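Form predicted alone, single chain, as structure tokens, below.
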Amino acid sequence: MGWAVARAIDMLVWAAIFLLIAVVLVFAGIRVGTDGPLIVTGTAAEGDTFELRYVANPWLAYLHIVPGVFYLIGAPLQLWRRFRERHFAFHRRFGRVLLTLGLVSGVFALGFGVPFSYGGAWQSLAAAVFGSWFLVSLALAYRAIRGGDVRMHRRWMIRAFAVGLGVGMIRIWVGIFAGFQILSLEESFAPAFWLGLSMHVVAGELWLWWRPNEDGLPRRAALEPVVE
């Protein structure tokens, strides 16, 4: 694979990352704007609405949402190799903050997403499976860096970030299913969770296959001889 193609793929991947982060930010803003007045005034959400779970369980919900949003905003900076190399001391300190944010968000994702899923048992199962994978990835990333294994640290952090970023893809799938009236809003969530998150787990593994080393070179380019 030529360098031009590799660079084009890099740009597409980063564009997709920022698009998905933007999706998460928009929907987080909608959540706060919708739930905030009800939570502050102590007003219950009406009927069996989507907002009911968030308003009835604000601590569980927002201890997942708020740290998760900050984790997704900060993670790309940690994964940007050029910035990491130029500001390594900051990378290490900021990494501890992001790891803590990710762990808090992941724990409360299980505490909120499993028992209070809008899409039923299949959504709860998806939240349990992928939420656990996210937490395991962060824990193994921490263990790797404590053991001085930078390569494995990078790989596990990318796996965790891929799952976290999948939250944006879930919203896109919900929009497709419900927007085109393929499924009702409630019915959309379980397949959207499974599709969105499994796609990101696979995408993370494909990226790690293509970019296996800390030097950031594509697999084929890393094997090409340097021509002087």
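Residue numbers here begin at 1 and follow the sequence given. What you see is a predicted model, and the numbers here were worked out from it, not measured in a lab.
Omitted here: the form predicted in complex with a small molecule. The next part is about that form.
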Fill in the blank from the handout: As a check of understanding, the residue in Trp122, Phe90, Tyr142, Phe116 with any heavy atom within 4.5 Å of the small molecule in the predicted bound form should be identified as Phe116
Problem - Contact of Gly68 with the small molecule in the predicted bound form (heavy atom, 4.5 Å) - result: yes
Exercise for the section: Look up in the predicted bound form whether Ala28 has a non-hydrogen atom within 4.5 angstroms of the small molecule, and give yes or no. Expected result: yes
Handout entry: Gly95 within 4.5 Å of the small molecule in the predicted bound form, heavy atoms
Key = no
Practice task
May I ask you to state whether His64 is within 4.5 Å of the small molecule in the predicted bound form, using heavy atom distances?
Solution key: yes
Exercise for the section: Could you tell me which stretch in 50-58, 198-206, 175-183, 37-45 has residues with non-hydrogen atoms within 4.5 Å of the small molecule in the predicted bound form? Expected result: 50-58
